[in-house]
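Before any questions on how it binds or moves, here is one chain, the form predicted alone, in C-alpha cells.
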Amino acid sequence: MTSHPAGEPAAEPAGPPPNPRRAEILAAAAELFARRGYHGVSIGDLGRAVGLTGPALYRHFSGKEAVLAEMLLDISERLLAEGARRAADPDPGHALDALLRWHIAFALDNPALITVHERELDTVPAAQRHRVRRLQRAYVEEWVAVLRRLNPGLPDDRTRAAVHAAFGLLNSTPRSAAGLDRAAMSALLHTMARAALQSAT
C-alpha cells in the first residue's frame, strides 16, 4: 500500500526556466488575466505590473496574444515532461502517486494559471492552441498508461474518462483550496483523487 503524503514541496519546472524577465511578465500576466480576464487587460497594464512601459514590453513579446500563448504552452510542456518522467516508474502504484503529487503541487501553486487556461484557451491563436491541446492529450495518455498497467483489462475510453474526471477535481484549486492550509489540501486532494481513480480500475 502506498502512503498518502501530508504535503508536497512546491512544484518545480521540468526544464530550464524561461528568461527571468519573460518569466516575470508571464507570472504577472497570469494573475491579471485570472483576475480581470484576458480582454480586460491591456499591454500597458502588463507593462505597469512589471515596471515597464507598454512599448518596452514589446522587446519581450510581440503582443498580448503572444504572452497568453507562451503561458499556456509553457504549462502544458512542463506538465507533460514531468508527468512522463514520473509515469516511467516501473511500479504503477508508485507512478500513480508520483503523478498525483506532481499535479496537486502544480495545481496548488498555480491557481491563476488554471483559471486562465479554463477561460482563455480559445483566445490563443489556432496554431498554438492546437499544440497546447496535443500536449494535453499526451499528458492524459501518460496517466491512462499508468492506470492500464494497474488494470490491463480496463477499456481505454473508461480510463481516459476517469483521468479527465480526476483532473476536474485536482484543477478545482482556484475555488476549493481557500479553507485549508496547503499540506491539508494536498493530502485531501491526493486521497480523493486516488480513491476516484482506483474505483475506475
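One rule holds for the numbers: they count along the sequence shown, beginning at 1. None of these values were measured; they are calculated from a predicted model. We call the rigid core whatever largest set of C-alpha positions still superposes within 1.5 Å between the two forms.
A second form of this protein, the form predicted together with a further copy of the same chain, is not displayed here; the remarks below concern that form.
With a further copy of the same chain omitted here, the record of contacts in the predicted complex names 161 to 169 of 138 to 146, 43 to 51, 161 to 169, 22 to 30, defined by a heavy atom within 4.5 Å. At the 4.5 Å threshold, heavy atoms of Arg36 reach a further copy of the same chain in the predicted complex. Under a 4.5 angstroms non-hydrogen atom cutoff, a further copy of the same chain in the predicted complex has Glu118 among its neighbouring residues. With a 4.5 Å cutoff on heavy atoms, Arg175 counts as touching a further copy of the same chain in the predicted complex. Taken together, the three residues Ala69, Ile75 and Leu79 lack any non-hydrogen atom within 4.5 angstroms of a further copy of the same chain in the predicted complex. Residues of 184 to 201 that come within 4.5 Å of a further copy of the same chain in the predicted complex, judged by any heavy atom, are Met185, Leu188, Leu189, Thr191, Met192, Ala195, Ala196, Leu197, Ser199, Ala200 in sequence order.
Asp156 shows a C-alpha shift below 2 Å between the shown form and the other one [criterion: core-superposed Cα displacement of 2 Å].
Once the rigid core is used as the reference frame, the Cα position of Asp45 differs between the shown form and the other one by 2 Å or more.
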